[in-house]
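This document opens with one chain alone, in structure tokens, the form predicted on its own.
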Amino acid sequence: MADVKSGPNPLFLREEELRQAIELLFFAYRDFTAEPDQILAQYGFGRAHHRVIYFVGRHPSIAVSELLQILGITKQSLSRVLGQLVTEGFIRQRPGQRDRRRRLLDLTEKGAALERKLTENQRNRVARAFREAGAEAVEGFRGVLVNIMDESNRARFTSQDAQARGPDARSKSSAGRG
């Protein structure tokens, strides 16, 4: 089998293969978001609310500025969604301890329950797909997704990779960069 990174591999560069990959992403995303969309509609929420709830749950005590950076949206866009989530008791907002101007965000119990409900189907769907595809495919899939992202966003995942593998892997990967 040819090394994909060493040069053009017609299998991966044919127009039809690329178009099919794009189509697969559209269909996968539609199905991945279908059940959470139904749950969100019951609250009068949309996907923006889901993203905020998910990332606040994933990063407890996240600063608003960090959330803006992750989501890649304007303060004005976040303000509307966040205001609604705070008002309705899904997110708690508090000032930072060292810098009182920083606003830190956490899910309330109500918010954590909604986050679990929204994520459960998605987690099960991804786990099933990973089991069916196998370990090698999981790494390949992850590699493809990371490389679809803009380069500026990739560092978040490469540093998490090193952390997940432990201190030995971090020192090896650092040594290779020097």
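Residues carry their position along the shown sequence, with the first being 1. This structure is a prediction, so every number in the text was calculated from the model and none was measured.
Omitted here: the form predicted in complex with a further copy of the same chain. The next part is about that form.
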Suppose contact means a heavy atom within 4.5 Å; in the predicted bound form, does that hold for all of 37, 48 and 113 with a further copy of the same chain? no
Could you confirm whether residue 109 comes within 4.5 Å of a further copy of the same chain in the predicted bound form, counting heavy atoms only? no
Classify residue 148 as contacting or not contacting a further copy of the same chain in the predicted bound form by the rule of any non-hydrogen atom within 4.5 angstroms, answering yes or no. yes
Tell me, yes or no, whether residue 44 is in contact with a further copy of the same chain in the predicted bound form, where a contact means a heavy atom of each within 4.5 Å. no
Is residue 78 near a further copy of the same chain? Define near as a heavy atom within 4.5 Å, in the predicted bound form. no
With a further copy of the same chain taken in the predicted bound form, which residues across 125 to 153 come within 4.5 angstroms through any non-hydrogen atom? 125, 126, 127, 128, 129, 130, 132, 133, 136, 137, 138, 140, 141, 142, 143, 144, 145, 146, 147, 148, 149, 150, 153
